[in-house]
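There is one chain below, alone, in structure tokens, taken in the form predicted on its own.
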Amino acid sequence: MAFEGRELRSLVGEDGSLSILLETVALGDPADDEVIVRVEAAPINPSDLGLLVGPADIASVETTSGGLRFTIPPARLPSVQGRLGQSMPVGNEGAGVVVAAGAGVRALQGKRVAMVGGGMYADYRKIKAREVVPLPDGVTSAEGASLFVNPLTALGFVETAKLEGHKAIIHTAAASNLGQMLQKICLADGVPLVNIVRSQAQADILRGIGATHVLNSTDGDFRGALLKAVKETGATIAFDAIGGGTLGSDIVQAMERAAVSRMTAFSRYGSEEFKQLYIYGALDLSPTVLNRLAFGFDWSVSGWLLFPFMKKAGPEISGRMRQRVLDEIKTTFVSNYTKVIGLAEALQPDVLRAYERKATGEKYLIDPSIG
């Protein structure tokens, strides 16, 4: 049985424009190891926005007959050279009901599943059966739609810290859904966590779920408070969702200053305590600025992505992470949404501006059945 439905796509043109289009696509019968899922819920994560609007200037948005069109500033064009002329489906993860199943996976027919693999902003998604997870009884598609990216990333941060021998973590943009999950994990696992936020309201969210160390980066005494928290926790690893500016530099510098305060003899090379900053987001698109001479010489700054980490961690750790998410889907890994929108609504300029802000506490969910 063939299925026809809409699919949200992002296209970078040869002229340096970016277009978001809602296209009609037809799905053929699933192969033996495939299923077709009627999508009922798909979250809008910052990682989705990286593909959907990428480096486009949001202020340049204009409505076209097929969707929306933006200008990409020339300085940002090199980051999308590899996708020129390609119409790409968007949406990392989602959930829905299996409406067709291949011969080898008939048992999934009619099941409500969560799935990951791109192209989730659609009415229907054909996907390999290995990329779906049947949801426990009583779990809705909205509850299961964010089963992968945020929960596994939060768990991945803790696993990374443990594997690399760090005893405490620093996290920025910490009041997000992901940040709240990380705080709950760290409380349960006994891992000290330093949370960095940008407002008092965000700090209150984290303190409300038991956070001990919550710092507001807009406070005048932020750097002093950061140093104090690093000394108290012994944090030597950080995960930064901001990316641009000097915040990452401030964090590594605080780690170094805390380490130096524990030294018994001066070294012109700084401390021998290794300090790791992972940048995993780009809430600030400006360049990352590092005051490297304040770090000593035993440090690293690099990127962190979930799926490369899971490949490196191996099946045992990855399997344990996935099982924990299923076990705690209604507690630790609850995602809160402020608005549910339809596929067509996602192309309204005012709605796009709202979810593109990536504001803490403003998470959007797409339900294609709305329209």
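Every value quoted in this text rests on a predicted model; they were computed, and no experiment measured them. Residue numbers run from 1 along the displayed sequence.
The same protein also exists as the form predicted in complex with a small molecule; that form is not shown, yet it is the one meant from here on.
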property	result
Answer option from A225, L283, V97, V191, heavy atom within 4.5 Å of the small molecule in the predicted bound form	L283
The small molecule: the contacting residue among V113, V149, V214, I185 in the predicted bound form [heavy atom, 4.5 Å]	V149
Full three-residue contact with the small molecule in the predicted bound form, heavy atom 4.5 Å, for A175, L305 and A359	yes
Which of 74-82, 196-204, 267-275, 135-143 lines the interface with the small molecule in the predicted bound form (heavy atom within 4.5 Å)	196-204
Distance check, S47 to the small molecule in the predicted bound form, heavy atom within 4.5 Å	yes
The small molecule contact in the predicted bound form: A258, any heavy atom under 4.5 Å	no
Partner contact for A241 in the predicted bound form: the small molecule, 4.5 angstroms, heavy atom	yes
Contact label in the predicted bound form: Q253 to the small molecule, heavy atom within 4.5 Å	no
